[in-house]
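Take a look at this single chain in structure tokens; it is the form predicted alone.
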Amino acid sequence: MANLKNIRPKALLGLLAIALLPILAACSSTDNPLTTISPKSDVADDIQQLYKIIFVIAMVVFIVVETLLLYAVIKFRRRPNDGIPKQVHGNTVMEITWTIIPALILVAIAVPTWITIFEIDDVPDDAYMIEIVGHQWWWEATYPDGQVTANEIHVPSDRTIGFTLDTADVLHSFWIPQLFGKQDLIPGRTNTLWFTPNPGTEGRYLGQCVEFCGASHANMRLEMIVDSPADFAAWTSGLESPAPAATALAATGYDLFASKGCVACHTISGRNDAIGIIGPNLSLFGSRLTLGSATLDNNTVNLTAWLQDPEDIKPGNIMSKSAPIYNNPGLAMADTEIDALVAYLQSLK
């Protein structure tokens, strides 16, 4: 056996780092916006309870196996002057035992897993249904009364929420860890999921596409905002209302939105010329907390940077590839025009 003194310091550091990994994992905070261990809905609670059951079973298996391993290492270690160990052909009872016990462990895991799957599978009949469509790289949400929004999805806190999930292009996966589990969006197939917010859990919840879908997969985020019933009603009614009277700079931006071709891709409530469906619906954009699929705070600096060079923020996005202002030098925007567009977009509240 090698002497510990002959082990290189780098090897010791590597072993120490491996040993510390479980400790670092245990220090993770439940305040992380993508945490899976701080459930805020009935479905997330069910998933968390299943996780606890499997975790306890795994810990029991780990402790038993490691205890037996240490016992065997110590009990049957080689001693000075030991001869050749006694040769054993096999032990039928032991072999049957270590076949039956893992089978029973798998059953103990499978039964609660099946129960949980069946409990959260079918969308309740009284659910408030929202249609979700995944695009490269943003999320579109259509509400039962026809209102459309993007990336910031509001839901009421007093009822069960259901989703139908489709994709406009490639595979995506819809996931908000604190509210529900992952569900894939598959071309040619409509999937569903649902959840009911726990009482008193109004707030913002971060989500993420978790199926690799191209260059900006990591930037395909979203926020689900659980509103009180009154706040949700006010928000949905605002989606159908035209923007208030604009300032002089925003009025210039209003005209630029048409002359620069933005109306061909985006819809804005109250504008008859803005009925595009290629890009996200921008109604109430000024009230949104984030932009760029929830990758940036919605403020003047970030919105200006987005309009100047969206490719720098979200590589491969359709606006950079298709919008005339980024591909036709004659339509390129001056800084003053960008300022006007920023003012106009921020006025959409």
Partner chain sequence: MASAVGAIGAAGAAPSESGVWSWITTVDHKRIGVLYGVSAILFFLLGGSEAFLIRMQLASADADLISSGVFSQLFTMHALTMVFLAIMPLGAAFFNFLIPLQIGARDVAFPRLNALSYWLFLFGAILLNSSFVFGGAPDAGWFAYANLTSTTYSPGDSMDFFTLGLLVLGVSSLAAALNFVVTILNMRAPGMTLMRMPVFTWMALIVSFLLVFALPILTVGLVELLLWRFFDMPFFSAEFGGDPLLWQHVFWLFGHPEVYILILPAMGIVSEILPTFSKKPLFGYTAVVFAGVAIAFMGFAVWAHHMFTVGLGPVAIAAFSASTMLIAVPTGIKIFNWIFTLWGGSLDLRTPMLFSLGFVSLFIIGGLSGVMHASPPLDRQQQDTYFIVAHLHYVLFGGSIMGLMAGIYFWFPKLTGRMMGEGLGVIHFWLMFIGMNVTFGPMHLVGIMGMPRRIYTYSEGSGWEFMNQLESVGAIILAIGLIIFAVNIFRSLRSGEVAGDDPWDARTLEWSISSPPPVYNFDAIPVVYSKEPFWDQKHPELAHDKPPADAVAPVAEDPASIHMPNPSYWPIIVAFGASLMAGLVIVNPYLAFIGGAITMMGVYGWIFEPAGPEEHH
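We call the rigid core whatever largest set of C-alpha positions still superposes within 1.5 Å between the two forms. This structure is a prediction, so every number in the text was calculated from the model and none was measured. Numbering follows the first chain given and starts at 1.
Note that the form predicted together with the partner chain isn't included here; everything after this is about it.
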- Option touching the partner chain, based on a heavy atom within 4.5 Å in the predicted bound form, out of Val263, Ile130, Leu256, Ala168: Ala168
- Query: Out of Asp158, Asp273, Asp121, Asp126, which one falls within 4.5 Å of the partner chain in the predicted bound form, going by heavy atoms?
  - Reply: Asp121
- Message: The chain here is shown without the partner chain. Which stretch in 206-214, 247-255, 148-156, 226-234 comes within 4.5 angstroms of it in the predicted bound form, by heavy atom distance?
- Response: 206-214
- Answer yes if any heavy atom of Asn191 is within 4.5 Å of a heavy atom of the partner chain in the predicted bound form; otherwise answer no. yes
- Query: Using heavy atoms and a 4.5 Å limit, would one call Thr196 a contact residue for the partner chain in the predicted bound form?
  - Reply: no
- Does Thr99 make contact with the partner chain in the predicted bound form, using a 4.5 Å heavy atom cut-off? yes
- Message: Can you tell me whether Pro177 touches the partner chain? I mean in the predicted bound form, with a 4.5 angstroms heavy atom cut-off.
- Response: yes
- Let me know which residues along 55-77 have a heavy atom within 4.5 Å of the partner chain in the predicted bound form, or say none if there are none. Phe55, Ala58, Val61, Phe62, Val65, Glu66, Leu68, Leu69, Tyr71, Ala72, Val73, Phe76, Arg77
- Message: For a quick test of reading the superposition: does Asn272 move by 2 Å or more at the CA between this form and the one not shown, rigid core aligned?
- Response: no
- Take the rigid core as the frame of reference and indicate whether the C-alpha of Asp82 shifts by 2 Å or more between this form and the one not shown. yes
